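Only one chain comes next, encoded as structure tokens, the form predicted alone.
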């Protein structure tokens, strides 16, 4: 039944220090929420039943978009709508505002946060429905069997689990070389966005480097790619609500029709955002045109291994890569 949630104690800390203290006090029985768009699904399905829910949405230090000269900081509790509508981000990093605008629906973006979007758990149906899979501590991957329904699952980086990153903003942050600021034991640490996401070969029980007691505080985006050419596209079954089958984020510096530098990342194809490093290397120093699009298409999905029902993702990646390069013309 999914029409009610279990009973829990709700805490509303007054500061980041209070939140850290509560997490330490309650240990494995604690759960952080801000927008709650991922958490409440877990609670209603009763697969997660924490005794203490800590709501950090009201902490001022976790809100806001600020220009610090060399970088722009985004508080982890800043909503996706605020990011979508930020003139500062539109001016410097339009790829992120475009990605935020593609998340779910307006109602969810009004409550959902950037921190939650990049830190949400796997959306594999088998895992979410309570199957005892590897990610849930079991001894099988139910999405990778001869009869499994796995059209939304991974093409790359499979290590027992075939779940994919569900975030739309994550590829944009990886392309922009963003840094994630984490509060760990009361000390702030900075982790490159590309290292923030964790594959099943490293730790199959989580999607990010966040450990028990950690709080994602902010996202810092250096101005390395400020004002660069950019492109974001998301392919999903429906234009609203659905998670991406494949999405792509590109930032590039050009001189005329020549590509000076580029970073490209895809979501929906492996557990972490996937850098299209071969495409990046291929286009650097080259002139944008049909021939470069063809080459990008040829290498974008190199190494992909399709499952039963997700072969269609291979031409999707190829065509998205070609369209991203075409946007630079």
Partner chain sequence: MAKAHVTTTVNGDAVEFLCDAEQTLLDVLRDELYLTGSKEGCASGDCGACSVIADGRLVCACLMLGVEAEGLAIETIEGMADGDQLHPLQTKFLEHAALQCGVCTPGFLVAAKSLLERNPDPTEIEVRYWLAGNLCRCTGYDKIVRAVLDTAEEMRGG
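A quick note: this is a predicted structure, and the numbers were derived from the prediction, not measured. Numbering follows the first chain given and starts at 1.
Here the subject shifts to the form predicted together with its partner chain, a form of this protein not shown in this document.
Asks: Is there a heavy atom of residue 55 no more than 4.5 Å from a heavy atom of its partner chain in the predicted bound form?
Replies: Flag for residue 55 set to yes.
Asks: Given that the partner is absent here, does residue 106 sit within 4.5 Å of its partner chain in the predicted bound form, heavy atoms only?
Replies: Although its partner chain is absent here, residue 106 would touch it in the predicted bound form, with heavy atoms inside 4.5 Å.
Asks: So in the predicted bound form, does residue 14 come within 4.5 Å of its partner chain, heavy atom to heavy atom?
Replies: No - in the predicted bound form, heavy atoms of residue 14 and its partner chain never come within 4.5 Å of each other.
Asks: Using 4.5 Å between non-hydrogen atoms, is residue 110 touching its partner chain in the predicted bound form?
Replies: Flag for residue 110 set to yes.
Asks: Among 287 to 295, 29 to 37, 257 to 265, 272 to 280, mark the stretch whose residues have heavy atoms within 4.5 Å of its partner chain in the predicted bound form.
Replies: Only one stretch passes the 4.5 Å heavy-atom test: 29 to 37.
Asks: Looking at 240, 205, 189, 185 here, can you tell me which has any non-hydrogen atom within 4.5 angstroms of its partner chain in the predicted bound form?
Replies: It is 240 that has a heavy atom within 4.5 Å of the partner.
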